[in-house]
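One protein chain, two forms: both are listed below as structure tokens, the first as structure 1 and the second as structure 2.
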Structure 1
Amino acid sequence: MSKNYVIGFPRIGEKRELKKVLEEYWAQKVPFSEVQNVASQLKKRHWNYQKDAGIEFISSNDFSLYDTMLDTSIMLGAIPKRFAHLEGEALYFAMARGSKDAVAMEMTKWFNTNYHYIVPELSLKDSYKLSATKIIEEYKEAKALGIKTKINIIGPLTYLGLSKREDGGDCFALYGRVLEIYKELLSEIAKLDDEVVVQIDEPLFVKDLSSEVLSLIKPSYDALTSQASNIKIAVVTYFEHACEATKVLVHTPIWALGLDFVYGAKNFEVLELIAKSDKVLLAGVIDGRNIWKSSYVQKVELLEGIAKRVPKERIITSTTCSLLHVPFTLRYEEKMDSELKSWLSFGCEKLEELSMVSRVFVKGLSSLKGEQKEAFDTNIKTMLARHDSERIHDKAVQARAKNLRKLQRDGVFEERIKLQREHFGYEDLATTTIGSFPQTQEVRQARRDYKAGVLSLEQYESEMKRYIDYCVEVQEECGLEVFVHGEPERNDMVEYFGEQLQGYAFSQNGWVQSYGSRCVKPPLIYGDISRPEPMTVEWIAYAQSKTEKIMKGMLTGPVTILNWSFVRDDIPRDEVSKQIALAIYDEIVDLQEAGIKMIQVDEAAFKEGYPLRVANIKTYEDWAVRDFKIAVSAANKETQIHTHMCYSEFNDIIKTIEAMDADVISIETARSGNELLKIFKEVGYKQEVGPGVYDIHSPRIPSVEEMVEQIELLLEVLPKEQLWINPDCGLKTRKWEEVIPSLKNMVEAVRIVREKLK
């Protein structure tokens, strides 16, 4: 068997089986035992897929019912006290989703991906206790099927580095206590078999580490490797280079080190150090984050380049990261254009790529016979065909982007906001929502029926307009001041736009887990981008015709469209972003001509595109700000530009947000109080801000009193003239029976606060 290694595997299921059973359980339609049954079936299937593909190192404990960081908190016994009265699945899901009595734990992006993890909440009062049942049982479950797995766990330093303390202190103050639990865990794992490989994920090591964290690496891995002689520890990093940590890890007794050679090319600089040690190198060359087919020739050449520095017998070919970040399989893509499909590789197909590349690297091209040799030759032809395909290149788009003069909005903010306030006449603490309203089963069915040809265009538009009418009625009833049309026509805030842009393609079943049961189906950018026709004007103009209130136009920004798509890998990302910005520019021109003068350009994923290394940040910020400003530069002074950002720590990017020059920014703050807002005050931020006053990721309905308190906290930081009041994010995933009372409570809370302020 060729030496190969998969860092982790998708868990949601090829037909989103886990999503469906979880949501049935949360809706009290099935017992928890049914969730367990489906989970068991999925794990078995996923292990066998990898085994059948010829994968040598297959994971257990990469499966989770919600999130592996949450699983790690449960393993450690790091339970916030508001959940201490719960146990079992009630405790687990309350921590993730909240309960009637307790708000959910904070959720944020996993490094620079679109996956979200549950942020651990730690306290100096914590007393940790090992709960290793899940880890132990999954290993035994696989072994009973005849599959000996490696065990995946989140590393102690990454866990602490991504946690927060309830008092705002340093989480590494808990290092000693946490490390003891990890040592105890490894002692339990050692009892499972004569030899066990434990993969310890330390993606924190690809960031710019403080001297404190660097100083903890050696004592941590000296201690963990000393727990049992039959455990082989592989420390795995991904998404960037880990040179500083590698220089330390080669002097610890770990067995292997995983490095990413697709997104961390600088890892080549430490190969000589690895060569001088006795460490095995898990060489991440099969891209776990993008969906383009690997060139077998190029991947083998990359491995051969690595082998010039590290002995070949100590190299194991690996994925760059977990395959969690790509769709499950191309198997169900029955409608996709055959040429485009031939360029793609999803999770299961990456297993085949890994198997092929590792075989050729270890045994040589002459080892391929029959179908294997034919597959290798076909791959070469496919790579050439994609490179030369005319459908990728649009000379007019390329020329427009190349010859673009610098675009900038007219007027400074102070001048614009004066004109806008006169034009719109909204009050201080103006109420609105972020954009979407619940996507009901009826709305989703109407979209499916239209795509399937069951509904005519006329019938489909009638259904969508009926829903928009209802959204307008609800907002009138709730007393909101600035309306949205509800977005019933949109399956996803990126996919909807991609469907109307040239250079985009779509999958039927390319779902990727975002958090918990939430999945997204990212579009595929394969060629040059342009906008043939208006994308939103008809719907927004119709909604505005149904009310005298202000109707916001709703667009997704260029950087978010880029960051939430699978992006072509044959030109730089910033070139793709500029092309998208020009398409959004064209849409704003048409919205203004239709009379829409308040337009929200969401940059929900602006922060997640940030490079993980400080040295690379300025380059990203320069072109990301450039492209947002290109997109909105069509707006007149009287047109108010809003934007929205998700899950962001703004301390490090507040000046960049200022440079974007939006008139209003809405942000998610409900799970973090007014802490995020303080940075806006500290820097003297002038533009208007809409901090979320309730958490839309939890099904609970916040009371009027809660939101009054939240608004008053906001007023401690910023003046009423600068504040808008809105939910944390879009309401697409919620139910109407949650949304309507929550919005009514929000409007009533604003009324109470306004009365107090008078």
Structure 2
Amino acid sequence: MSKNYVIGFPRIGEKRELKKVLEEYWAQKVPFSEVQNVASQLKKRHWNYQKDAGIEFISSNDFSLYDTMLDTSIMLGAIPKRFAHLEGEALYFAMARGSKDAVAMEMTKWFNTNYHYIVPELSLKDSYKLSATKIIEEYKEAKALGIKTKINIIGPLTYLGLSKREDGGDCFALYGRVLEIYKELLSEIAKLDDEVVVQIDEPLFVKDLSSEVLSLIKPSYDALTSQASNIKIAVVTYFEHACEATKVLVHTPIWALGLDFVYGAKNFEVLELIAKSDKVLLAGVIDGRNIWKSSYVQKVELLEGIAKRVPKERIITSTTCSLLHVPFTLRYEEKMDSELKSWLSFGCEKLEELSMVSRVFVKGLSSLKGEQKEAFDTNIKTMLARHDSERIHDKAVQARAKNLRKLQRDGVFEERIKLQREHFGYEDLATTTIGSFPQTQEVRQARRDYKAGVLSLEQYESEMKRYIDYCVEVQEECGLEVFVHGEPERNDMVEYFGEQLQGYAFSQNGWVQSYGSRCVKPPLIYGDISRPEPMTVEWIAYAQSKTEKIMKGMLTGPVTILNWSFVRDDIPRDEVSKQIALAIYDEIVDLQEAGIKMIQVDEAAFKEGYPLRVANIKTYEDWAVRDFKIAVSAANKETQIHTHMCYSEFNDIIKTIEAMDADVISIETARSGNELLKIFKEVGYKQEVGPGVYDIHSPRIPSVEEMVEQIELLLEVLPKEQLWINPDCGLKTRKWEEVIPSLKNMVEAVRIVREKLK
């Protein structure tokens, strides 16, 4: 053993076994015992993978049937009232997914990852009660298999920091009650063995902490460590530096501290402090967020750098975070070409890396013999090969990005909008939709059949065109003013573009858990990006040929494409983003040439890319705005650029949104009333805005009256000249039976409001 540590392992299964059995269980096709069977097999397999790779610290309780934050709520007995009549698995899944009589709990992004957790709902009336069964049983389960695990739990401060209170108050008001349960839990854990390591995850510590949270760190960890003398507590942080918290934690009796040295280089600044204390350092060097093979040489150097400041005996090599955020294994990637594959490392491969790097760090290169020595040498060759590979470097793309002169559109908004309104002649309160129409079974099947070679290109195109024809018909019938083609050819708003861009690759099995049973398969950006051919022009031009109405072109923006991909790690992220922007630029040029003069560039994930630390926000905003502007700088003054964002909270970022300078922005205000819209007025936002007037996330058909009311509320905040009327997001998850009457009602509501305004 060479002292290494895995913060957590993915659980969905390398063939998504957990996803499948959960969905069968929810569809009442298998009993719950079958879910438990699959869960046990998966846990066993994952523990053995880690053991076989020579990992010393392996976790239990990193497994979950849905989400570990939800598990923590169950552990504490933090059950919202509306679920009080339920228990066991019925309770658990009702909290996650809702039941007939109780709506599901909210779900939100886990820090800056694409994983979503169930947001705890707390109340001052709560009294908590420990339920440690899952934690205790999972430990015993591993132990029965001959594996002594560390126990993972989410820390009390992170738990409270990510919770919400039903009356909107401060969750830390419940601190005392919650901490009591954690103390009880540790007492229970202490009974399990002579010595137990408990990993307490406190990723909250990588954010800018309030003085309240900072002041609670020491009392919390003093109290938790004093609970039992046979428990060793490791507090782990990830995704950014945790300098402020570290300064406090070194003065508590915890055993170890986990810091991320890939995404939190500033952690170097607290190494002296750690050195002066007696703490063990879990040095996060194997990247748990990205899929590139580590350079063994560089990782060992990184560790040596750390060891210059902290005694080597006190360093344990670790992953930067749980491996939950990367796919399982490269083993099933049969179609990927071998060169690209040789550059990658998924979860299981990262175990090998960790094992190798920790070994060389502790025992030196000379300890490697035979196969291991070979593996080390091969790694050096692979890294060089990737670095020099022709396929990742495109001189033309690099030169173009470097010498770019045109960074924004011609003309200011006032001038542009005048020309556009003259050209298009749309009325105030113009009606449109966000892009997609219902993705029917037939459309999905046609795409699959075409991919599988069952449908010829000709057959496929005629299927898609039939769908587009229908979309046009429906929009005529509903009386909308600005049309869309409906996006039948797209399975996903990033994948569709990635598949047509140079420098992009796709895995067959690179699934990553997004929430519950849902997984995503982010595409990989491995090389310089360019667009060999038009990506959307044929479809949009075809759709336009079918109607006299305005047809809006539909693209995904550079920042969203970037944020939903695994991005190459050999050049800065913003350089990649700029290259994507140029590819989108080219597409806009071609759309315009084909006569499409209204173009929407979706930035659904713009807000997702925001850094965790305030200090880094400006840099992100600068290049994200820069690249959106570069992309749309292809548009002539008369061409109208729309953008769409899937959220409603713009208070912090309104100036940045304004700086993007889109002519029209559609947003998701439907569920939050017009309160949040006021910010547009307050800052004197000039561009046009389409606040969603109804919620597409629900199958409900909104009535004419309620939409009239909604539009009138909007008019209290923004003038009619500035407003567009649309649903709050794309309609692809809805059914035609819901979409058609909803849109008809929306158009009718606009007619009534316009009439009243006359």
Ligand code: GLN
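For numbering, take structure 1's sequence and count from 1. All of these numbers come straight from a predicted model, not from anything done at the bench. Whichever C-alpha set is largest while still superposing within 1.5 Å between the two forms counts as the rigid core.
The form predicted on its own: 1 or 2?
The form predicted on its own is the one given as structure 1; the other form is structure 2.
Once the core is aligned, please say if the CA of residue 66 is shifted by at least 2 angstroms between structure 1 and structure 2.
Moves: no, less than 2 Å.
Core-aligned C-alpha movement of residue 88 between structure 1 and structure 2 reaching 2 Å
No, its C-alpha moves less than 2 Å.
Would you say whether residue 179 is displaced between structure 1 and structure 2, judging by a C-alpha shift of 2 Å or more on the superposed rigid core?
False for residue 179: its C-alpha shift is below 2 Å.
Cα of residue 726: shift between structure 1 and structure 2 in Å, core-fitted?
Shift of residue 726 at C-alpha, rigid core superposed: 7.8 Å.
Superpose the two forms on the rigid core and tell me the Cα shift of residue 700 between structure 1 and structure 2 in angstrom.
So the C-alpha of residue 700 has moved 10.4 Å between structure 1 and structure 2.
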